[in-house]
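Let's start with one chain on its own, the form predicted on its own, as structure tokens.
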Amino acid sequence: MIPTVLTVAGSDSGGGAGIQADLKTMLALGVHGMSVITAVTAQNSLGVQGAWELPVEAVRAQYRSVVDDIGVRAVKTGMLPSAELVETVAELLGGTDAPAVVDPVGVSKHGDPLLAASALDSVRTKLLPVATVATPNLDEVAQLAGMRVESEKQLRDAAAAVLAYGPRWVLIKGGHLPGDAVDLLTDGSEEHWLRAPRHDNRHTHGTGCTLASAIAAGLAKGRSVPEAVTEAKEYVTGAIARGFALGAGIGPVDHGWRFRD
């Protein structure tokens, strides 16, 4: 049976990030992707022109419909724009016997806010404690922990700050630092440093969604957290290398690069 993975996230009308990126990633990695849409955005290569949050009852109904009938081997969360939605999804995850990859989405690639400031405390106290793996980038570390990371040496401190909120593992994504793309995966005792060459390509829309979904796909296949993250890093590095122009702004990564290779 094909492993099943559920994404709980917002829709990106431009197809580069969000639910669309998640489902493309899951297809590329050989799992069956399912979705709970939390918000609808008007979004393209230039930015987010509008966002509309779905009601809590609609999110809960989508989740229960999928989980109660089909079941899931892993869940990935993305855009949860309000405290009420964060707390609802955290409750649902807590009652689901499957690993959860939490991408604490705060802002879009273009700098548009995707999380209300009032929801930050709910992310810290409700969502992160039920995460198997949390995958914040450096902007999200600053939002959650009030810490500005400006060097690779500070990644360990950032990981400790996020782990204090309760996830079993944290992957601090250091892609915003100069030099190689360096990430740190740790559970507080063991560490895995993941390095990849930085590709000179501005078309990187959807990178975070893609990485988190790839990790969830690996966990659904029965991989350990370090194995799933290592495989996901390899996949997303290839997708970034082949990111392509789309519209007048920042294009997406290429989720289907392995098919073309």
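No experiment lies behind these values; they were computed from the predicted model shown. Residues carry their position along the shown sequence, with the first being 1.
Here the subject shifts to the form predicted in complex with a small molecule, a form of this protein not shown in this document.
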item: Contact of residue 108 with the small molecule in the predicted bound form (heavy atom, 4.5 Å); value: yes
item: Any non-hydrogen atom of residue 72 within 4.5 angstroms of the small molecule in the predicted bound form; value: no
item: Residue 17 within 4.5 Å of the small molecule in the predicted bound form, heavy atoms; value: yes
item: Any non-hydrogen atom of residue 11 within 4.5 angstroms of the small molecule in the predicted bound form; value: yes
item: Answer option from 79, 123, 133, 89, heavy atom within 4.5 Å of the small molecule in the predicted bound form; value: 79
item: Sole residue of 93, 155, 185, 114 within 4.5 Å of the small molecule in the predicted bound form, by heavy atom; value: 114
item: Segment assignment from 204 to 212, 29 to 37, 218 to 226, 191 to 199: heavy atom within 4.5 Å of the small molecule in the predicted bound form; value: 204 to 212
